[in-house]
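Below sits a lone chain in structure tokens, taken as the form predicted alone.
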């Protein structure tokens, strides 16, 4: 069909010519879609402001030979202004968008769970439901789990020995028992393992009451885990501001 419509989140944009942009979307039904927004950089554009990173939109596309074209856009979640006005929200949100872009690698391949995870994460971020760092870490753990790299925060990631355990190893996949513990594996605080489990399961009553020390320790482990399984550094993580 030459025209199709989908719910989408704007992941990134790049300039094209004097007035156009190539916009990368994560859509609900078709996964990643790259499309041209004609004239959206002009001040007179009807929907230029709706095609900014962090925006959740209902968008109509016209199918093209190489790139599709955006023909209509309606706002579903106007998150861009709220996220971009706060540096802590902005850096966390940018890392989420970059991770989604990496995790959904192929274009026009459905990634429904990844779409809903990102949509929920951005909404929670913009509406300040929880601390930005917690939202980011929870999103990363869940998105990696959907992609097939679920962290094991309690039971041994190698042999399945019931936990809790006292060591963590990124390459092994999370907590490791004394028998499976590779040399040099760190020993996070028990509260940090509890926080990781809460972030993965969505136990926000536990996550929200975690101390700054345990939040920071968990964030370091989540960052290392994310970058190991994505096989590339998330550049945005270096800019994330932690409270």
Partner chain sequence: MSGAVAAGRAAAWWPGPWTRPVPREPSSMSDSPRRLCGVYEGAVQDLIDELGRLPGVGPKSAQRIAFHLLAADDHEVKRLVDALVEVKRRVRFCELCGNVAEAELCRICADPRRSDEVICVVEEPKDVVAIERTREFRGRYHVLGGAINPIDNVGPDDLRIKELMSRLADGTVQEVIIATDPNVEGEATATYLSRLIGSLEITVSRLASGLPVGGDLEYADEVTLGRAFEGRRIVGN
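Positions refer to the first chain, counted from 1. Because the structure is predicted, anything quoted here is derived from the model rather than measured.
The discussion below concerns the form predicted in complex with its partner chain, not included here.
Trainee: Within 4.5 Å of its partner chain in the predicted complex, counting heavy atoms only, one of 63 to 71, 47 to 55, 189 to 197, 174 to 182 shows up; tell me which.
Mentor: Every other range fails; the passing one is 47 to 55.
Trainee: Should residue 239 be counted as a contact of its partner chain in the predicted complex, where contact means heavy atoms within 4.5 Å?
Mentor: Residue-level check for residue 239: yes, a contact with its partner chain.
Trainee: Find out whether any non-hydrogen atom of residue 75 is located within 4.5 angstroms of its partner chain in the predicted complex, and reply yes or no.
Mentor: Heavy-atom contact with its partner chain at 4.5 Å: present for residue 75.
Trainee: Closest heavy atom of residue 81 to its partner chain in the predicted complex, within 4.5 Å or not?
Mentor: Yes, contact at 4.5 Å.
Trainee: Considering only heavy atoms, tell me if residue 221 and its partner chain come within 4.5 Å of each other in the predicted complex.
Mentor: Looking in the predicted complex, residue contacts with its partner chain do not include residue 221, since no heavy atom lies within 4.5 Å.
Trainee: What residues of 85 to 102, in sequence order, lie within 4.5 Å of its partner chain in the predicted complex by heavy atom?
Mentor: Stretch hits, in order: 85, 86, 87, 90, 94, 97, 98.
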